[in-house]
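In structure tokens, one chain follows: the form predicted alone.
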């Protein structure tokens, strides 16, 4: 059986540091630390749980879960991200689609996705030389109804089952969730950050209480963290893949000028060798 040897979550934007230089530096240092720890786990693949920002999957068709199956990805190039190609891992992506079905989860496949900043910024930081293949796993947060938190928790458990029961014994997998924390986009509260909710999310995760987050409703998250805060569903899926694991908050900064709360966590998987 394969092993999940690392699990992390991080916000996935970087914007102008003007006027918030110290905060921006702490955020970037935190992202780099997550990258350092991720690479130290020596993974054979990164499963990156994310959300598209209407650059690949438009409002005319949104499905709950999509796995990008290509062997090579070229970033979309939004937010100034270089269009530097990076490797995918078709065999793993197809295995996840196949075995998630046994959990009652129908995952759509995308052959031609061009990952936007939700994938490309984290990849550029944690996998700068492109040495580790990446499988993007998309969760719809763009169109109602979004998946229920309990459903994305089940998605994480299906991912873990795929790794542990259906992948080669020596395969090492890292799960990286991106997005969040609280932010409102194109809404009246744009620019607000709900620091109390952000810290509650971080606290639940590092205490090994991701199941408490899975007990929320999407409406709860929308009300307290905004439409952009629905990206916390990605974090809940990661927690489902390592249910019960505790962790550490690597960074947190509320940054209204970036329209969001910025945070990152690293889960403790017992010193996976």
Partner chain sequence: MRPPPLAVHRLIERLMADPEARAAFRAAPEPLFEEFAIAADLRPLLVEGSRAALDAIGVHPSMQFKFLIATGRSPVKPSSIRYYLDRV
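Residue numbers count along the first chain shown, from 1. Quick caveat, the model's predicted, so the values are computed rather than measured.
The form predicted together with the partner chain is left out here; the points below concern that form.
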Partner-proximal stretch of 180-188, 165-173, 194-202, 100-108 relative to the partner chain in the predicted bound form, 4.5 angstroms, heavy atom
180-188
At the 4.5 Å heavy atom threshold, is residue 257 in contact with the partner chain in the predicted bound form?
yes
At the 4.5 Å heavy atom threshold, is residue 250 in contact with the partner chain in the predicted bound form?
no
Within 4.5 Å, heavy atoms only: does residue 54 come near the partner chain in the predicted bound form?
yes
Looking in the predicted bound form, any heavy atom of residue 145 within 4.5 Å of the partner chain?
no
Since exactly one of 154, 132, 79, 95 fits, which has a heavy atom within 4.5 Å of the partner chain in the predicted bound form?
79
Looking in the predicted bound form, is the partner chain within 4.5 Å of a heavy atom from each of 14, 60 and 128?
yes
Who in 214-253 is close to the partner chain in the predicted bound form, meaning a heavy atom within 4.5 Å?
227
